[in-house]
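Given as structure tokens, the chain that follows is alone and in the form predicted on its own.
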Amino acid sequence: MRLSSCVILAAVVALAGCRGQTSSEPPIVPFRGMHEMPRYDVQERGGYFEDGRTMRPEIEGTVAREMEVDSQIDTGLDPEGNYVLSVPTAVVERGGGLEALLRRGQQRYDIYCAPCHSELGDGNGMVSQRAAALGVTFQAANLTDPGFQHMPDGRLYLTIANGVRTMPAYRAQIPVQDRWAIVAYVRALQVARGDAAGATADADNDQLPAGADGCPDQAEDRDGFADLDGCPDADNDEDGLADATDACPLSAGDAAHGGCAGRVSLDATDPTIVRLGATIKFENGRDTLKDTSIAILDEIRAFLVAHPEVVRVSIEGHTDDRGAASVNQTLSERRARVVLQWLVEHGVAGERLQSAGFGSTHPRSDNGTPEGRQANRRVELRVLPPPATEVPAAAAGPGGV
């Protein structure tokens, strides 16, 4: 006990004696390369990398922590560089539905936007009023004007993020999800003609506030097709066949195929393979279905309903070989489960389905080309043999037990 106390005291004295002292020896650090790496300014050249560039592009197949992986949600632009026309469906889903998203948007709007644009969106907020009282030339934009009503949602989103003219950028203050929530609420204000209370009212009790409800006096029918417009649909896919007689009410088809497009069938040479005439697509790096996938999923559902002899089906996910094998394996499993869940939610018996993921271990094409990698990112359906029927012991024949 006395020895340990002496050691501790000696260490304290030694450390105290180092204070204020200088040394010509380099400090002791665990990773010297990182400690001694010089600081470079933007676009400055350096010798650390062979190409002399200090600014590095993102490593392919990776994203920064907490980074939004959907470029349309993050930038407000579609793949062609045009403004996104409406709030992305994934944003509404993340927000807990349109009603919850609008209420969140109203809260954020009142904090960041109402001081200038007013609670009604008419541009006569307290800042504008104070400017007028001081004789300063300033007038916030009237968000209910027709020019803003016809502006794409993506442009409104980017205006919040980057600012415009006298309006500062709010990128640092308002997260991505909240920017879209504000855009949704601004649209509701416009529809309600500046009536803040009316923008979030829900007279028909379909969980769609009046400001975003195309039919405020008719409840949405919630059938998985255009459920955010607020209007019931007798012919969801507008193919001329009423939903009641349409085998594929979520995807346009023709009468010859019962309202389907006829893109799902058993392979003529291998009846264990379900041929799909379209790809089931997901958001990049995620297990979120793209809207364009609903049509083919609807046809798969109709095929399974029309073919009860197909007793069991395996839904199998695959990826390309980019990224870590473990990540690809998990992603393929999750995507297959999402397809299974969609089919169950739309009327296919769960006992007929099973899901599996194979990562990049079953490539269909060459992973060395973009086209090959795209072909390898897929979900396939395979028919399984019916489960074996156990033979009762009494019927097992002579000698049966």
Ligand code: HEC
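Since the structure is predicted, the reported quantities are computational estimates derived from the model, not experimental observations. One-based numbering along the sequence shown.
One more form of this protein should be noted, the form predicted in complex with heme C, which is absent from this view; the next part is about it.
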### Residue (of Q72, Q139, T89, Q329) lying close to heme C in the model of the complex, criterion heavy atoms within 4.5 Å
Q139
#### Entry: Listed residue that, although heme C is not shown, lies within 4.5 Å of it in the model of the complex (heavy atoms), from C116, A100, A295, C215
C116
### Task
Look at the candidate spot formed by I160, I182 and V186 and say whether heme C comes within 4.5 Å of a heavy atom in all three of them in the model of the complex.
yes
### Query
Contact between L143 and heme C in the model of the complex at 4.5 Å, heavy atoms?
yes
### Query
in the model of the complex, does Q149 have a heavy atom within 4.5 Å of heme C?
no
### Query
Does K290 reach heme C in the model of the complex, with heavy atoms at most 4.5 Å apart?
no
#### Entry: Residue contact check: R104 to heme C in the model of the complex, 4.5 Å heavy atom
no
### Message
Within 4.5 angstroms, counting heavy atoms, which one of the listed stretches 297-305, 73-81, 89-97, 151-159 is next to heme C in the model of the complex?
### Response
151-159
### Task
Select from 155-187 the residues with a non-hydrogen atom within 4.5 Å of heme C in the model of the complex and write them out in sequence order.
R155, L156, T159, I160, V164, R165, T166, M167, P168, Y170, I174, I182, V186
